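One chain comes next, on its own, written as structure tokens: the form predicted on its own.
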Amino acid sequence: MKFFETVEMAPPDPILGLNAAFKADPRSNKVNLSIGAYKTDDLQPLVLAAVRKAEEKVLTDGMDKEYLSQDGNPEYVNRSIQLVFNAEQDNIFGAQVPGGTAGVRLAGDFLAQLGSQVIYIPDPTWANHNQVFTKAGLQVESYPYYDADRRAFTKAQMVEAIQSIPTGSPILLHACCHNPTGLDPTPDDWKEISTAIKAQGLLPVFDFAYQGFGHGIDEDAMAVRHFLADGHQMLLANSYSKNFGLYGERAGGFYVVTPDRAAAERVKSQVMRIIRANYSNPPLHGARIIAAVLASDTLRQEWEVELAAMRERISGMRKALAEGLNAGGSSVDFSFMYRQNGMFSYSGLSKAAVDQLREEYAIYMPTNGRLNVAGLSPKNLDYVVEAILVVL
């Protein structure tokens, strides 16, 4: 019997497929502005010194390789809750998960189990959100977030849309460094959004993948902590891929803010069952490294200094790109980039321009014009500026 003859070839992932195409491109002048990974000025991956030292400690301690429980390393989880929420409350359930994507998927699975049928996500959003929630069994609807004409965040339209979302619905929010636009609400905007979501009786679901890449560790957690203080129950997924540079270690978390300790225990029992049926338990190594850094005042301070340096390099390259394009006589005023935060920039480039950049200049970015600012460096900036000016 033949089993697989009817299986069709799936289209490549819009981001990971680009990365594969970049690696296969033989041109020596190629530039990768697609996948969201930090690079140094020399365009090399960065392993943080604090991570190296914590890893040495983990190895020296000679810990075993036994299974973790479904919810992971307890110290990692507790320190993550403190880092994200700045709180130690027994109504917050937390679990270590294999990367931020697993946290988002766990949120989707848990929402489906709660009986949710639809989740509302920003337009635009991370390319993977739609399929992650769809695979979890949810219907995905969107709310306005970005005005392409003004290249700006659309608070008024977002709040108006929130007021028409059915009560009890989950709504996805980017805590900071919105992917793909790089545009975030201001603290006052977040307070207005919180009030609107609470009045409408919606369940916030935060995706928090870039803490420390916007304005700072505490500054980037402002929205989450305000929602907590405002009395919201909520779900949150976070990632340590970017801010610890632990992409391949798959270190993330999933958290549920409940009304009280009893509710948190019930939530824990159900989430543990979902985890058991999905991946059983999370990996050891990355969580041990992060826990070691966060437990040490010295390593924590060193990590914060390194994280600030990454943030400042990204900010500097974004400014240099905008200045270079404007100085080159671009027909578009790229000053809007100054309002963007984090790793990504919505450049406003058309699909035709993006295709031309890839085909003629070996510059890779998604077709929506979202570019990874961390893929720029003094080595390739002038080349990228000149190429964009030509295609414009």
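The structure presented is a predicted model; accordingly, all values stated were derived computationally and were not measured. Throughout, we count residues from 1 along the sequence that is shown.
Below: the form predicted in complex with (2S)-2-hydroxybutanedioic acid (LMR), not depicted.
- The stretch in contact with (2S)-2-hydroxybutanedioic acid (LMR) in the model of the complex, judged by heavy atoms within 4.5 Å, is 33 to 41, chosen from 33 to 41, 54 to 62, 349 to 357, 333 to 341.
- A heavy atom within 4.5 Å of (2S)-2-hydroxybutanedioic acid (LMR) in the model of the complex is found for exactly one of F254, W126, F206, Y240: W126.
- This chain appears without its partner; in the model of the complex, the one residue of F153, F93, Y210, F227 with a heavy atom within 4.5 Å of (2S)-2-hydroxybutanedioic acid (LMR) is Y210.
- Using a 4.5 angstroms limit between non-hydrogen atoms, T258 is distant from (2S)-2-hydroxybutanedioic acid (LMR) in the model of the complex.
- A residue is said to contact a partner when one of its heavy atoms sits within 4.5 Å of a partner heavy atom; I15 meets this definition for (2S)-2-hydroxybutanedioic acid (LMR) in the model of the complex.
- Taking the partner from elsewhere, S116 is found to have every heavy atom lying beyond 4.5 Å of (2S)-2-hydroxybutanedioic acid (LMR) in the model of the complex.
- N179 belongs to the set of residues with a heavy atom inside 4.5 Å of (2S)-2-hydroxybutanedioic acid (LMR) in the model of the complex.
- Interface residues of 345 to 382, taken as those with a heavy atom within 4.5 Å of (2S)-2-hydroxybutanedioic acid (LMR) in the model of the complex (partner not displayed), are limited to R370.
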